[in-house]
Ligand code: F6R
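Quick heads-up: it's one chain on its own, the form predicted alone, in structure tokens.
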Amino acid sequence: MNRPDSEAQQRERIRTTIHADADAACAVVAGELAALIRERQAAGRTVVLGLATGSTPVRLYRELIRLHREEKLSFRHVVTFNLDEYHGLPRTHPESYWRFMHEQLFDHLDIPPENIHLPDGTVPRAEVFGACRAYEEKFRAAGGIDVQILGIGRTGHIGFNEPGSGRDSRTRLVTLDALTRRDAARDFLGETNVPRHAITMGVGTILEARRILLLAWGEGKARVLADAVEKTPTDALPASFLQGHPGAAFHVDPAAASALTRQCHPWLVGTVAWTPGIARRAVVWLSQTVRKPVLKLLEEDYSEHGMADLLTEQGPAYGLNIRIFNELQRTITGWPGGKPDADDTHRPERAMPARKRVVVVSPEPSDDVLGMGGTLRRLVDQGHEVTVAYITSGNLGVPDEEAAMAADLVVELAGAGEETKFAQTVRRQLEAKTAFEGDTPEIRRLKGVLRRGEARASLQACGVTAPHLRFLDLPFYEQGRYRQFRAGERDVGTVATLLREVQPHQIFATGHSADPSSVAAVSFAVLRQALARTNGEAWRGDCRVWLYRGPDRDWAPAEIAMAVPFSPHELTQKIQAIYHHKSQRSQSPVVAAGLHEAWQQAEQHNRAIAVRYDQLGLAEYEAIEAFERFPDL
């Protein structure tokens, strides 16, 4: 077990470094790899690297490529062994890890082809066991793995070692967990196309590496990462076995680190400066821990849970309880755009101007109604000028079956016009397309049209009319694919032009804490750059940015700056708006409590926020949508 570096890290059993962002973390890790490579090269020795795939290490690979191109880092003396590969995929398949590694790294370096090793996913099932033993023998013969790069899956898997993988497991064929397959569904254009099996190094194999560096980005990894770092090792969480490795280290961004005790409950691991935000977080945590409303917390509740110093500074308990209760209560508003002619001293939004210009930024069609459909309708009903801007077309998320049905419908209804010829072309391309083949431009165009139609119908249910819809179809998405998006000047310029045209008083956006390779995170990064570009313009001084989340991202009550409650009827209206996104049914990558449909997840999510407010002793509502105030840029 690693020794903690500080009092605040006393619960952490693996050395974990929190970096400013994923790029900063990758610069540090790449620097460590580069130093080892140069040291070994000077001594005439090779370096053996264990490499991972997926979206997590992509930024690391980009930094290694930069070091090779700009700082002349040579990989001629580097030998690589990859963690895993899907079983049954040929190397030419767009989602094979062999192809991924060549596209993302090897094709850009001077590494000799004979130094590159990946498990062979085409080995017949009967020969897999022998091939796995031979694979391990290869890297032992190379001297063993010097540094192993890892990511962590939301099930806690490392490589494809799903829950149930033992500490001593070796390289082998595994059956993929349902959540793992669902997470990969979009890459494979549908969950049915995701392979059910993979070849992976075992946990025991991984632990034989002399150095292990695990990377994690985004709040979606926060809970599982904290469990792996702080809880007792168990085969239910394979990443937790890394605790026993003296050379293991985690490099994470703030979002992925957010569930570590030192980040979310710092008062449990040392002295803290009791800022208003930390005090509020602590009191809410105490209320939830002892299962009492905030106003019923007693002096002994604080003392018994390590918070006596908070009472010393800001007590007594009764006064502190009232203060925090009032802070929480003031987040609740039925007027997300501000209440006209009202005292807004303690309201989340200002009263003036009474009629605001609002831009709702949605990374893909459906993100808007999933995250804030009730609030969106409330803003429209209260007279604000609401513009919904779809950053991308979302065409990569449409199953081929939906596109085929749309093409058939056009052929049947459109007669002999150009629309019919186009639809017939798409239908032929879909019939000729293999299950794993990428979409043609025509297919993507039709899928984009399909999602536009769903978005129009959905927003009509929210009261937003067609003139207030903007389909930006940014190039980073139209020219890219999942896990490999890179935004550019045209993307930022398009969003900046929209903002200058509307000059909004409010912007609602999502993706701030998402995995940096996701559509949501790239879209938010583009928005931030567009806002930076408009700094100093007159309208910016009166513009606020509010953050919303999808139903797969939880809200802690202490994080919420604005809570918009709605009635059972309004919740039903939101669900109906979501339901118009028919092509996205069962496409969500999250399965919560057995719920597969996006509308079910959204309903449960909004009810859960209302329940938490009720448990804190606040008013009882049917459902709540929550928002966080983003710092002024």
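Everything quoted here is computed from the prediction, not taken from an experiment. Throughout, we count residues from 1 along the sequence that is shown.
Here the subject shifts to the form predicted in complex with ligand F6R, a form of this protein not shown in this document.
A residue is said to contact a partner when one of its heavy atoms sits within 4.5 Å of a partner heavy atom; L33 fails this definition for ligand F6R in the predicted complex, lying far away.
Ligand F6R in the predicted complex is not approached by H505, whose heavy atoms all lie more than 4.5 angstroms from it.
Taking the partner from the other structure, ligand F6R in the predicted complex has a heavy atom within 4.5 Å of a heavy atom of I158. Ligand F6R in the predicted complex is not approached by G338, whose heavy atoms all lie more than 4.5 angstroms from it.
Out of the listed residues S55, Q573, Q600, Q41, S55 is the one that sits within 4.5 Å of ligand F6R in the predicted complex by at least one heavy atom. With the partner omitted from this view, the residue of H87, K356, R262, K221 that lies near ligand F6R in the predicted complex is K221 [heavy atom within 4.5 Å]. Of the candidate stretches 397-405, 532-540, 147-155, 239-247, only 147-155 has residues with heavy atoms within 4.5 Å of ligand F6R in the predicted complex. Using a 4.5 Å cut-off on any heavy atom, the residues of 80-106 that reach ligand F6R in the predicted complex are, in sequence order, L83, D84, Y97.
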